[in-house]
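Encoded as structure tokens, the following chain is the form predicted on its own, with no partner shown.
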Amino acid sequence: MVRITEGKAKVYVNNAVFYNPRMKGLRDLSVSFLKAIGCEDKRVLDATAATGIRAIRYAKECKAKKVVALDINRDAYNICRKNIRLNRLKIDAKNMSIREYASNCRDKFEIVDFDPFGSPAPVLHDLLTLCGDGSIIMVTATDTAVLCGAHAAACIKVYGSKPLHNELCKEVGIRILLNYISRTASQFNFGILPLLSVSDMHYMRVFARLEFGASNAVGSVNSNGLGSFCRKCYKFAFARGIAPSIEGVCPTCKSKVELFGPLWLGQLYDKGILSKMRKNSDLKIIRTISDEYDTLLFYSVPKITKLLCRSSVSQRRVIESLLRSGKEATRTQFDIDGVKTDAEPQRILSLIKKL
């Protein structure tokens, strides 16, 4: 057994209980988020506690009012309790499944954190029973190969959506995850308001506020829709609503388009919260996201130069040229060479040809 320090937490780790040091950045991001929204009067559930590292950091660094650390694994429960004592905290550790806990718990949590291995889909319904109006759910998916289209049939089966398997897949995957969350939340009369969405390494993670009421639930469901993507001229289009109609042929070049979705077509971020996070953390990904233009999808510069059979063009030059022309243009977290902009695809293609 080895003792480590992460943030303000000290924990013991061993081979019997999962601890991934590479995910420190994600835990730092979550701590920064909770600091930004204010956690002092809130009850927090860490539904996949393992060593208890997240629960302990939430208690020590975010000053959460009450923290419950839940894990079905007996070894994890034992080491979690040991780590709680090591940090001299009053965290309530539970050794049971999420379903069992949700069935017996009468408390409502202002914050529910779920960071599983794989998909969050099987227990999302149970987690939502522990939420109330204004609760925030922080949900991770590590089945990125499914959400990004490498296993399209699995995405259809698990999330009820057809993914895209190309350079746009990370953002489409995040939006498919949000679509699934919004539709499940609507069964409890909740609408969702995404506050932060992150795709990095092998995971996708979304932070969303639940807003109670039939109109909020219907509004969220109607914020989903279908998308189409033309590989010939790089045009994408969207149709919102519960039963949208979308063309199967590109209106620009008349090529057959690739359809995908349903997916979330609303906002991915809250810029006010991102501004607060930027003040309390120096994480690079927070800077990237806070500067990002929040619009639907992006343009991959290398893919477009390949499409045009032209030599490479720097992303920076494309962004600078778009800004000079009066358009919005930024980098994006979803592609190191991608550009988020309000410019039309024909304008992007024409600009890259000139550059």
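What you see is a predicted model, and the numbers here were worked out from it, not measured in a lab. Each residue number is its position in the shown sequence, starting from 1.
In what follows, reference is made to the form predicted together with a small molecule, a form of this protein that is not presented.
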Residues A47, A50 and D71 all lining the small molecule in the predicted bound form, heavy atom within 4.5 Å: yes
With the partner left out of view, is P116 within 4.5 angstroms of the small molecule in the predicted bound form by any non-hydrogen atom? yes
Taking heavy atoms and a 4.5 Å cut-off, does V257 contact the small molecule in the predicted bound form? no
If we define contact as a non-hydrogen atom of the residue within 4.5 angstroms of the partner, is M96 a contact of the small molecule in the predicted bound form? yes
So in the predicted bound form, does K35 come within 4.5 Å of the small molecule, heavy atom to heavy atom? no
Heavy atom within 4.5 Å of the small molecule in the predicted bound form - the one residue of K303, R27, K60, R43 that qualifies: R27
Please identify, from 324 to 332, 286 to 294, 52 to 60, 305 to 313, the stretch that has a heavy atom within 4.5 Å of the small molecule in the predicted bound form. 52 to 60
